[in-house]
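One chain comes next, on its own, written out as structure tokens in the form predicted on its own.
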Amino acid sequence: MEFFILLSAGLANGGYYALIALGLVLIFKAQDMVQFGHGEVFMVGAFTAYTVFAVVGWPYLVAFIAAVLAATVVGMIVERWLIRPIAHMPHMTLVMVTVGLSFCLKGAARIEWGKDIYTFPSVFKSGPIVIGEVVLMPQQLVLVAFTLSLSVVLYLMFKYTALGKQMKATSQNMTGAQLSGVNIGRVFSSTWAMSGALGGAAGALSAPVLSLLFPDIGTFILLKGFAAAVLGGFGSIVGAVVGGFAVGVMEKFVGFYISTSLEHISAFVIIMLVLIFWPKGLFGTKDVTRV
């Protein structure tokens, strides 16, 4: 029975790892870069939801919408004023800008929230769902269901919509896509807005599961999401979801069967092993070079 208890707990954690990985994959598919400030977008969503729900006292649905909108605005501002002016510069320049963004957002959060740890109150009045010895929280089920549903929507978007195809074309050859009539500005803006919305949704949905919030939580979550994206294969929607749930489950099994001290470093071990033995990940695609 302990197997199913660990599995359910791992899938719950894997839900928000997968959402973070999806946000990273969106940016990567459009601009062939990693957004290392995405963890702080998650933090913005989590604290926005906490403020609206726990401080102001409005319904959780309103808090969720507010978190998504706040993170979407952050994503659009970052793209328009930080990324777009340097979009044609080397990838390392873009990456370092996102690293700087991460520190700036963390610093801004510390001004308001300091170094305290905040507790997100329970969303559902009903108690947990008990199946045998397995205890499931309603918020965990909502998180997993939302993640799976959203992954299907994103997969269909990239496969069948014009915007999805334009994102892939822009990632492979920005200049060629622009010469073909693709509105690069609209593609970038839409991508960062969607990535921000994913980060905000992840923060709002995960905050009640995590329970504890603090300004540096984004860094911790980003590393897990990054491990999930690496395992699944950067650029793959399916890989991000599978990788997220896999990392969440592996953490719990490693912590229980080997040592709890290894639970939180298992994500780093996953990154190293995948990069050494299977660099493209489980669902990775062929390498492309932006020119």
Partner chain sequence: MRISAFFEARWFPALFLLFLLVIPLTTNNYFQFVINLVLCYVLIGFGQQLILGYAGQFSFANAAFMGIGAYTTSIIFTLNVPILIALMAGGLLAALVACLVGLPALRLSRVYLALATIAFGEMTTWILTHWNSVTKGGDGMYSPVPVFFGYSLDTDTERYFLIAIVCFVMVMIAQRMLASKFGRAFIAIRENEMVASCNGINIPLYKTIAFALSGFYAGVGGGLYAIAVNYIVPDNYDLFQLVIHFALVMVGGLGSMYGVIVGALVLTTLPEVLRDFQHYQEMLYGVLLIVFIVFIPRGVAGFLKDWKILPREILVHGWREEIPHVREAAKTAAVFNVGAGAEDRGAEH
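Please read all numbers here as calculations on a predicted model, not as lab measurements. Numbering follows the first chain given and starts at 1.
What comes next is about the form predicted together with its partner chain, which is not displayed.
- Proximity to its partner chain in the model of the complex, taken as a non-hydrogen atom within 4.5 angstroms, holds for one residue of Ile184, Leu101, Met137, Val144, which is Leu101.
- Across the options 239-247, 45-53, 219-227, 58-66, residues that bring heavy atoms within 4.5 Å of its partner chain in the model of the complex belong to 219-227.
- In the model of the complex, every residue of the candidate spot (Leu82, Phe234 and Ser261) has a heavy atom lying within 4.5 Å of its partner chain.
- Its partner chain is not drawn, but in the model of the complex it has a heavy atom within 4.5 Å of Val34.
- Its partner chain is not shown here, and in the model of the complex it never comes within 4.5 Å of any heavy atom of Ala177.
- At a distance threshold of 4.5 angstroms between non-hydrogen atoms, Val97 is in contact with its partner chain in the model of the complex.
- Although the partner is absent here, Ala108 lies within 4.5 Å of its partner chain in the model of the complex, judged by heavy atoms.
- Residues of 247-273 that come within 4.5 Å of its partner chain in the model of the complex, judged by any heavy atom, are Ser261, Leu262, Ile265, Phe268, Val269, Ile271, Met272 in sequence order.
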